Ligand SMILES: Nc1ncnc2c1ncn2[C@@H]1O[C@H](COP(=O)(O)OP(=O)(O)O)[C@@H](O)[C@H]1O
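To begin, one chain is listed below as structure tokens, in the form predicted alone.
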């Protein structure tokens, strides 16, 4: 079973083509990188997969189940995926550890178990000294690592990344990429990433998918 299938996806905004007849198959435990300049539809495709936009035509399937298209629509929260946005979408009123605790609430875990898991995930991205910091007290790279830790905390099967290494130096980028690759190997995590930098694909061992402006 494929982790993700896009079948002839198209999307227009105010009559302007953003994505045209795009198809893609992503295997479980694998990664692909949508590679291209701004305006080539990379972020739009991620938003279509996440359920933040509806395709005009075509179909999106996750783990073999249709989630958009052919008169089907599954809400974003029910798709079993997480997304790290280019603007990170952190919550300014929450400390770092609370970001992870919040997304873990509602699961069959005690508060102590949530705290242990949140702390562990933050340590894995080298944020152990930032547990009680608010986003505005953190650097751009620390904020990016917090967003990635939050996305991984709930053990998604599919992870969407929009320019995930933009604020990280080479050492940090390699460390985070190695962490994500370990999750891919251990947990069967599948990753689709948008980037303008070919090195990002190399870090994740991702198949490069060139994108061009319609």
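Positions refer to the first chain, counted from 1. Here the structure is a predicted model, which means the values were calculated and not measured.
Omitted from view is the form predicted in complex with the ligand, to which the following refers.
The candidate spot formed by 91, 99 and 149 lies out of contact with the ligand in the predicted bound form, as no residue has a heavy atom within 4.5 Å of it. In the predicted bound form, at least one heavy atom of residue 41 sits within 4.5 Å of the ligand. Using a 4.5 angstroms threshold between heavy atoms, residue 193 stays clear of the ligand in the predicted bound form. Contact annotation for residue 204: none of its heavy atoms lies within 4.5 Å of the ligand in the predicted bound form. By the criterion of a heavy atom within 4.5 Å, residue 9 is excluded from the residues contacting the ligand in the predicted bound form. Shown alone, this chain has one stretch from 31-39, 141-149, 59-67, 169-177 that lies within 4.5 Å of the ligand in the predicted bound form by heavy atoms: 31-39.
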